[in-house]
Every structure is written in C-alpha cells, then in structure tokens.
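To begin, one chain is listed below as structure tokens, in the form predicted on its own.
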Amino acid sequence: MPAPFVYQAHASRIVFGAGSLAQIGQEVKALGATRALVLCTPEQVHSAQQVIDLLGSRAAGLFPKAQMHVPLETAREARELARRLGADCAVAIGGGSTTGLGKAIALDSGLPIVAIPTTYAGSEVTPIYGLTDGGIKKTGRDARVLPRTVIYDPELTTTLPLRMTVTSAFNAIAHAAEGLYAHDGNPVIDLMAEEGIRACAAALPPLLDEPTALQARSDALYGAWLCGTVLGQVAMGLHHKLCHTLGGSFNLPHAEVHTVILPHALAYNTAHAPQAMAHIARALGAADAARGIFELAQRLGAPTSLAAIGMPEAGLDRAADLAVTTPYPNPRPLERAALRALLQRAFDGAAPAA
C-alpha cells in the first residue's frame, strides 16, 4: 500500500507526432486567439517564419530576441511588443529560453501560450518560470505561465546539433531524477520519472551513429515530455538550486550546467534517498545512479566539468554561498563545506563522490 499522497494534474493539451507542426493554426484557433505573437531566439528565425506562414492571418508579429535565463530587460521588451500589437496569444518555438520568454509575458499579461519545443528542455509542461535581474536568477510557480497547448514534433529536433541534443536530454533527465526524491512526490510521478529517464537515456546512443534517426528523436522527445511533467508537479531540490545559481550568476549555458552537476548532486543525496537512486539506476541499467549518469555523459562526449563550460574557479566560493541562501527542499540538508567540495569536483571534472 502506498503512503498517503496528493497528485494535482495540470491541464495542458499535448499534440505529439511527426509533422504535427502543421496543426499550429487549428491549435491557436482552438484557443480562440486571432493575433499570435511568435517568439524565438535569433538563431531560430527560420523556424519561426515557418510558424508565421502556417498561421497566416492569425500571426500578429515576431519577437526574435529570446535569451538564456530570460533577462528582465528582454522580458519587458517582449511584453511591450505584445501589448503594442494587441496580441491575444504567444507561440514559442525553440528551447527553454524561448518558452521561458513566453512565460514571462504570460506572467504579466495572462496571455495563453502555445509551446513548440525544439529541444528536450521540458519547461513547456511546467508552471515554473525564471527571470534574471542583476545577475540573480529568481524562479517561481504560477498557473498562468503553464502553456495551454504543446506541440511535440520530432521532425523539428532532427537538426539539433549532437552536443546540444545530449546536454538537453541530460537536462530532462535531471528534472525526473529530482522528482524521485522530492518531498512532495507520489507514485504517479515515480512512474513518469523512471520511464522518462529510461526513454531519454536509451535514445541517445543511437543518435551518435545516426543523428537524424526519427525513432530515436521521437523517443527522446517522449522522454523529455515525461521528465518535464515531473518537474512541473513536484518541488525542486539541490540540483536545480545549484544549476539556477551557476546559470543565473555566471551566465553558464543551461543544459550544460545540468549535465555537469547532476551526477554530483545525486552523489550528495545518495545516502538520504536510496529508493530514488534505485529508480534512477534501474532506468539507466546501471549499478549506481550517480556513477551511471557520469559514465553515460562520458560515453556520449558530453561536458563533465564546470571549467570546460566557462565557470571561473574564483567564483566557486560565491556559488557555494548563494546555494545555501534560500535553499530548495532537499533530502540531505545543504551544508556549505560539502557543497563547496561538490562544486570543486564538478569544476575539475572528477567522478562523483558521496
């Protein structure tokens, strides 16, 4: 018999399948929207133009300036454009940065969002938002920012570069891994999390040989949906606290930070969350969760050190100080000295150690 729990489902509409981008017009229409502002990063204008063409008269305009960690200034500029154009919907095509920008608009205006992920970020199925102001990234939860509709089209991910594919999938795995030891977890989340980790991890090796393999891309996107759903349902812990601190304060690439930190965060929590670690290890087909994640990253050529992704060693003390400020709930209390040692191992690219 399971222990008592609470499960609150989120009302998102999921449209999954190769070629499903073609349904964007009818999905926007189903929301009752007639003026959609399309959002993207500067690198994804071509994809955004596809969306605009498919929307036809329902496209109100384009904002192609989404950035990592959603700087407050960028969010304000996008909100102002949405107001000026009279937008009644936002369509975010891209990764977590673009989805995050859509959420920043929704937080202020309540505009419904249609998200079209081209990575495995998972934020499209969470009510979690983040804004970076003055070098400090702040996160929160608000039902208004949860995208109303998500279109998962694996064809849009076939051109995602292999390195980004791997780190984005590790980002997804991290969501599910933390969900397994969240203080407010439940049996439904455990099922989603283990299956999400399994699907993402299994999809990656085939993509080394054939980066455009549609079946593997579909499996990874399916796994990312499950992992993101987990993140949206439960509290974040040490891993996400460290990643938000490092990303927002040192402007490190989001998915790469998740990839480097995850095995070390798992090792930190191993003795305090044995059941969660058993789920993760089983999903990976490994004997140990932390070591299994680290070795999978090595095998796939993913970054395994903070130094390799631009972290200054002089910033490790500040990162440790910030991490113990307003800590997220975590199975093991956040101890400053232990976190500083964790960060040093992550900086050096050393194997995870409890």
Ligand code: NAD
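Everything quoted here is computed from the prediction, not taken from an experiment. From 1 onward, residues are counted along the sequence shown.
One more form of this protein should be noted, the form predicted in complex with the ligand, which is absent from this view; the next part is about it.
Among the residues Pro161, Pro187, Gly86, Gly135, the one placing a heavy atom within 4.5 Å of the ligand in the predicted bound form is Pro161. A heavy atom within 4.5 Å of the ligand in the predicted bound form is found for exactly one of Ile128, Ala281, Val234, Ala203: Ile128.
The closest heavy atom approach of Gly96 to the ligand in the predicted bound form falls within 4.5 Å. Within 4.5 Å of some heavy atom of the ligand in the predicted bound form lies at least one heavy atom of Leu156. Within this chain, Arg291 is remote from the site of the ligand in the predicted bound form, having no heavy atom within 4.5 Å. The ligand in the predicted bound form is not approached by Ala174, whose heavy atoms all lie more than 4.5 angstroms from it.
Of the stretches 308-316, 292-300, 56-64, 35-43, only 35-43 has residues with a heavy atom within 4.5 Å of the ligand in the predicted bound form. Of all the residues from 57-76, those having a non-hydrogen atom no more than 4.5 Å from the ligand in the predicted bound form are Met68, His69.
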